[in-house]
Structure formats: structure tokens, C-alpha cells
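So here's one chain in two forms, each on its own in C-alpha cells, numbered structure 1 and structure 2.
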Structure 1
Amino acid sequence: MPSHAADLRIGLAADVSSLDPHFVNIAPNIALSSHLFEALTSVDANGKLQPGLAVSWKAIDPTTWEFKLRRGVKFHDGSELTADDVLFSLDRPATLTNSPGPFTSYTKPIVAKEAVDRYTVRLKTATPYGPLPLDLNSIFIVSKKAVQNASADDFNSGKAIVGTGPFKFGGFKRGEAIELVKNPQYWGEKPAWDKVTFRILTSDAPRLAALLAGDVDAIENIPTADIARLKANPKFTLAQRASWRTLFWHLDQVRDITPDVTDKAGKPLAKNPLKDVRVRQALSKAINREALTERTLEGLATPAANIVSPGILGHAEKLKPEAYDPEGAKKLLAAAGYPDGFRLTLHGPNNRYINDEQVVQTVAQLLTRVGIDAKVETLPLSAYFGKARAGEYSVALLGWGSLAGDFALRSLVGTVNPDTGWGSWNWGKYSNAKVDQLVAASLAATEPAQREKLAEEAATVGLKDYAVIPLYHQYASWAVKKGIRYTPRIDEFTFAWQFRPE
């Protein structure tokens, strides 16, 4: 049936909460908005920066960026994209006062903006800031005319959803389904589908059932337990790749008395052993990453030495995953003054990452083998994140996805400082002036090659000091009906135009 061949139905693992592309900065909303709207820059399946609505950009001086807009791009209502729409869209995130997850992180570096002409925009930053083009891939460009007086209702009804993306708004059944139709005027490569339906299937088993029954053609986020079975099923193909999500341990690096570490009798230790780099290294050596990824994660991860995945700016190839070395770990512990080890509780979520609870348990067993009495405590994400951020844990598991190493370092191991905004996810309160300085230099580099070099150096210095203990890069998996091919994305997004009939 040729008419059906052009329809695509996809089962999504998370609900889309708002159709306003600037309202909440969460992955499900961004994924949907990406079909309807575009940004000045875009990111390809491997995480590399590409032209979007801007065909080119350059720093004309250390604090001024100039973006040349693509000419002749039409909004869904037929009007032409101009610099005016771009300026309006970059201003808008800061005007949405009720947004729980504002996009202002990406617009904040901009202190002034001007339209030089209809197709040229200049943006000024207070200090030299190299990642601006990358940041701007997160700000969707909306039609000023359609959005400037629009309410939340106008977005829900589709009236205000006037973008330039490859798809137009088709319909929204809240909590159930979203329909998109092809944008025939799209400037870029046209998607293969006339109509795309996203079904919201937040629970694992029903999502898989919908695929098996043929109610949807593809699903994201396959339940881990079913991956092997799907692989053996000739009716489906799997699209898998290492994603940007890297898992690592945060370690309390400041407090002398840290809540989860005691001696083996349960008495507090005089000094926090995690502050000693030899102890951190010993923990890292005690972890058998090969066994962890092959067995506990059923092959759905690859051992990590970095905090950003291979291929992402700032990934230091020179760093190699720590070799499993329990004897070396014991020696280091003895050298640090803990020949008999100590007692420790590992904390982690139990519903966030692939087999996360088992991962924490496996690591606890590995630590026990080198003399550290490791206990395990896992919590649902909703409770875990709040407590971890409040500093209630000594050793805590976190997974992080980032499109640049310096971004990740800034949030994860940069010295905590409300004035700079650094270290907002630095649960261990790690602080290293050298790392900070290199990250700052990397962020200030407007020359991409230079930035890359500095970001790698910053990562190398921080990780040699065990600012965090990297574990592995997690895989992302999609299941697709035979006859359709999906190019898996490093950022885990599910984009309808990347599905192609075979």
C-alpha cells in the first residue's frame, strides 16, 4: 500500500509537556520542537556542529560573533525568515518568567545583539566565548509575528507553532499522541514521510508491545531486558551506538567528616580518605570496567576514561580506561594509610540509567575485594537528585551527556561558585585551580582547534587527579520495523527525518 508507506509511527518513552519551544529545556520537548523549528546551528548524529538557519558564522573580534542567515527560508505560514525573527527568538527565553527549566543558560552570554541587515546578525558577549555557536543550537527560531502575543493555549492548539522545520504541526492529543505533517517548502533534505505520529508510551512493556503488535513502526529506549530478544526477531532491526551519556562517580573531596565513610567498626574516621588522590586511584583500579560493561550492562556500554564520549569536542584520546588492578589498589590503599580498608556506602539511582542499581552493586562487590566494606543504597531519581545535590552522599553515581568537554568540566568539576555559575553539578565539590584555568581558556577560545586542544588538556589534568572516576559510555538503542533504517544519534534524540525506508 503506497499510501501507507509514507506514514511513520514512533513510540516515545517520555511525555511532551509543552509545545512552546522555549518553555522547558527537557529532552522530550526539545526532540519534538526539533521537528517543527530550527536553530541557527545544528548538531549532526555524531555531535558535530553544522550549519542550520545560519549558513556561516565567525568571530569578527574576540567578543563579537556574526551569523549569516540562510536566504529564502520560509516559515510554515509562508513568510520569510529574517534577522528580526532571530533577534526576537534569542530574546524570548529571558521573558518567560514561569519557565521551570529556562533556556537562558544559552542566551545569557549574549549582552547585545543587532541585525546588520536582513540576513546578518551580530551578537556581542561580555567576554570572549567560543562555544556560542554550539549553545545557539539549543535556541529554536520562531516566527516573531506568530509568537509575540501567543499564549500557552495558542501553542497547544498549534496556532503559534510556526517554525521553519521539516515538519508542520498536525495535531496534539495531550499525553497520548502528537501528529506532524511534512513541510513541502522545507529548504533542506525532505523527510521521507508525509505524516508522522508520535505515540506517548512512557512505560517500557506497553511501548514494546506496541512495536511487536505493529501499532508503531519504531520505538526509542528499548527495555534492556528485551534487547536480546528483539535482536533475534527477524521482523525488527536495532539501531545502537555509544551515546553521549557517560557514567562516573562523584567523590566528596572537601569535608573531613564525610557521611558515608567510617572505619570497619562503624566509627567515623579522623580524616576523609576520599581527599587522598591515592585512595581515589585505588577505587578506580578496583573497578573491573570490562566485566561491568560486558556482564552487568549486557554489552550496552563501553569502558570510559573520559567524561565525554569519543568524537565529542574535548574527548582526550590519550586517556585510556583504568586497567583492573586489585593488587595495585590494595597497595595504594596501604600507602595512603588504610591497609585494612574502611567502610563506605555507594549511592545511585535505580530508575535512571541502564541497569543502574546492578551497576552500583557490582562496584560495591569489586570494592569489597580490595578490602573496602562497600554497602549500597539506591533511590528513585526523583528523590536521588535532590539529596545528591544537597551533598548528602560521599560517593554518588551520575550520568552526563554533553556536546563539549569544557561544558561538562565546567558543570561537573569546576570550582563551585555562584558568581561564575560553575560547578552546579559538582557534587564532590572538587576544586583545582589548574583545571579551572584551562576550562576558562577553552571556553574563551573562539578558534575551534585551539578550543579543542585546551578542553582536552583540562580533561587530562582533572581526570589524572581523579576529580571524578569515569566508568563507561552508555549505549542508546532504537528498535525499528524491517524495511526502515534509523541513523542512531549520539545525543539520544529520536528524529523522524533520520528514519529512511530501505
Structure 2
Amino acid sequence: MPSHAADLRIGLAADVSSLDPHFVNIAPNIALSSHLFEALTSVDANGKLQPGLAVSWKAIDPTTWEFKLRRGVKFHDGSELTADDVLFSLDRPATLTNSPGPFTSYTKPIVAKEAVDRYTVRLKTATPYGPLPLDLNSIFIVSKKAVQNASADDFNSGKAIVGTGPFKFGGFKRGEAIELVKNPQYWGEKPAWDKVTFRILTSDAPRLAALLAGDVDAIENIPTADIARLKANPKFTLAQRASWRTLFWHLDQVRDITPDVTDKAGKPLAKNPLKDVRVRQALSKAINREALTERTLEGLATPAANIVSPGILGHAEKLKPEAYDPEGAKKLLAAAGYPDGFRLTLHGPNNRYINDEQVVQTVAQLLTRVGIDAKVETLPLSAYFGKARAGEYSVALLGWGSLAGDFALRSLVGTVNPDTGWGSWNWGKYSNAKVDQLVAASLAATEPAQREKLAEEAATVGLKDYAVIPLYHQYASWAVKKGIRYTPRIDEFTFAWQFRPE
């Protein structure tokens, strides 16, 4: 390895909103936490389940799972990982009641926990629950001693960031940079880098400029307009693959009067048109997904009919992307009582997904063509998610990646229930008893083929009801300085330890 290769600098496209690994369930936070903490299970670059802090697991009866912990694993402070840390970590998400995006959908199925011995944990579910090992990939194991009385300031200072991951916390400048240092006691394959600096470069131009200037060694989310230029530049290599992320619209389907929809004079409508399935279908038909993916996204996406990508359990192949049909959209609007359309505002982030602001603008233009006067309001991710989750919007853009369709449906369109964790990202408050029933049956299935069939059926019922309006499946891309390679991941995560010198 060249002498200079011990430091790695990566330009990130999205900011990290919290250093607490259980506070907000969004990809930038999870990606960072994955360097510092680990879960009982993990997934490889293709999304396949792998051992993590648990070396094995099995269902010892239909509602009881037993996990055997990896022995000799040390936290960053030198203390040993034990079953008590695991139980504490699984309890913790439910204690963070002010989270804008909780992890509780992964922990709520667990109704009882037991440390059988120092290295064995048993988890009980109320009903048979096959995907529990995959769920637990999302819950990071923290040191009980370091975290049980920790505040947000303790995480921001690094005091409470005591995990078992391949890197230790080095420093944090909010909105600017995060530094990590190699954990020499790490039990797994050692990272190639002594120090890693993540620079927060949410705007495309500065992120690309930093790469071209040599200020960073790699960037994620290559600006679409610059892909061809980078491919032709011998100083860099590109890593690309279809990812797990699907972009879709949430629509307010619960309130009788929704805040962002009025008549064309700006007066409130007597009722919320988004509650009418004909209107939701009209919005979907008005969107030209081919144009959106080929032009606005410059080929870095494919039109979607599902909320999970092809190849992921629960992706219903029989569902096809809604055909662009503006005349059909107008007829549906007329049939629903809106022959002259109405006015609405589309909300979305402007620094989270590929060309997200342009995507919102493109869809607004398409809706206008069918008689819906669509305004656009986009915000930085840090402000957007909180407002969307608080129900401030009528139509809001969200991108979601999941390793299983029933997981995604549970979080995104499952009937909201704080007690079970269902619907934790169901911004539109969609509710359909049949969908809930099918998702529950899928999650209870312990036979993979049965689970897949039920997950596909649940997706079909929900999406034919326009629970959300899918737009496209996004591609993931990285640009890396020559001499370094990166294996692209389906989950889009940028993991520093998976960059290796060539």
C-alpha cells in the first residue's frame, strides 16, 4: 500500500442528522453508524443476510428465536460485548419517544427478551415472525454502560459513541465533516485506512469539484450531468449498480381538508380530493416516467410500479409501471368531480436523492398539463423530513430502500400504530385492512416461498389502491480515484472499510 493510502477522504451527498444510532432511521445516519456500531446480523453488498455480532441464530419454537453471540468482541472502550448490551440496545429505540423517524418497527415484534447466558439471547415474538433476523440487521448494539444515561450532547461529543465497529469516533463538525480512526481491536477484517474523513458535500458541484481537485478520494451520488465526463477521465473509476431505493409520492389520504390543495382561486375545497382513488390514479397517469428517468435522471433510474426494486422479496413482477396517459388522467379527474382540476403544492427534498428538486419540478409540469396547477416547494433534508412526518404536506416525495417488500409496506403504508411500530413512515396515513392483513401474514410466514407470495399480494392490493404513487427505482453510483476500488452496494451505503487499495 502506498504510504499516503492510510488516509481516506470521502465526499458524502447527504448530511448526518444525528450521531445517536437509534434516533432517526434514515440512510445517512445508518451509513455512519455502521462504521462505529454493529448489529446482530448484517447484509452483504447484494443484500443477503450474514452473521454480525451473532454468529448463528435459529427458531427454537414458532415464536422464539435464539441468537449466539460472537465471543471476545470488544467495545471501543475495551469492555466485552455481552448479552446485557444486546438486550439494552433492543429496548432502547422505544425509549426515544421524540424521534422523527424511529427504529421501532424493527423492535416492536419482540415481546420478551432473555439473556440465557453471557453469550446467548432469546427473543420472543407474540406470533410467528420469520424475518426477525433480517429486522435485527437494523438495530445497532451499543454499550449499555456508555449509553444508558447519555444525552444528545454525549453523542455529539463522542463520549457515548462506544460501539464494536471497525472504526472509532474521531471528530464531528456538524454539516461539515466527520472523522473516524481505525479500531485496532476490531474482530473482523481490518480496514485499510488508519483515518477516514467524511466531508459533507450535499451540493453536486462542490462534491464533484472536491474530487477533481484531489480534496477527496471518492464521492457518492455522482452528479448525473458529469457521469460521461468522469467515465472518460483516466484518473477515476466509476462503480454503479441498480439500488434498492424506490422514489414515490405519499398523498394525504386521511384529512377531509388537506393543507396544500385548493381550487384554482386559492380557496379551500369542500373535501380532500386525494382521498378519492380516481384522483390518485389520475395523478399517476399524468406522470411520464420514461421521460422522468431518461431526461430528468439521465438514465440513472428505471420506471417503477413497486415500492421495492426488482430482485427484492415482495417485488410483484405482474405490476407494470403506469402508462403515461394525460387524457386518461383528465377523464378520471372529471369523473371524480374535478373537470377543471385544482391547485396543489408538491413537496420534496433538494439535497437527498438524485436530482430530487428537478424531479419535483418535472412532475409539477406534468400535472399542470392535465389541469392541476402544481407548485413546488423543496427543502433541505434536515428540515424536510420533520415537516413531512409532522403531516404538514399533502403530497410529499420519499425515497425508500428495503431488503423485503413486507418490511417496506409495514413502514410505509401499514396502518399507523405507535404500539406496534407499523406505519412509522406512512406520511399519507393510508389505511387498508386487507393490506395490513396480507403484510402481517407475510411477516408471520416462516417458509420463504409463502412469505414471498404473500408479500407480492400485499403490494399488489396496496398499489392498485394507490397507497403511494411509485415513480422509479434509483441507481447508485460512486466515483473513486484510480488506485482505489469500491464494490457497489445494492443498499447504496458508502462504507469506508469496503474501499480497498488496488
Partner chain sequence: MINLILRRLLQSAVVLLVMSLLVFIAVYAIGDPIALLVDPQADQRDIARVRASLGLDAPWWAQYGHFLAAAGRGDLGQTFTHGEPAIRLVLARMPATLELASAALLIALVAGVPLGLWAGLRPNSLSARLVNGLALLGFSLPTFWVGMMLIMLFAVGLGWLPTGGRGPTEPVFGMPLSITGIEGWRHLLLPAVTLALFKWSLLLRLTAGATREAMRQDYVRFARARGLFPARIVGVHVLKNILIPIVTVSGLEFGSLIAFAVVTETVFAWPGMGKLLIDAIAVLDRPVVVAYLLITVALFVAINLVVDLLYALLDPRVRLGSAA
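Predicted model, so just to flag it, every value in this text is computed and none were measured. By convention here, residues take numbers in order along the sequence of structure 1, the first being 1.
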| property | result |
| --- | --- |
| Form predicted alone - which displayed structure it is | 2 |
| Hinge of the chain between structures 1 and 2, where one rigid part gives way to the other, from 77, 241, 263, 460 | 241 |
| Relative rigid-part rotation, degrees, compared between structures 1 and 2 | 29 |
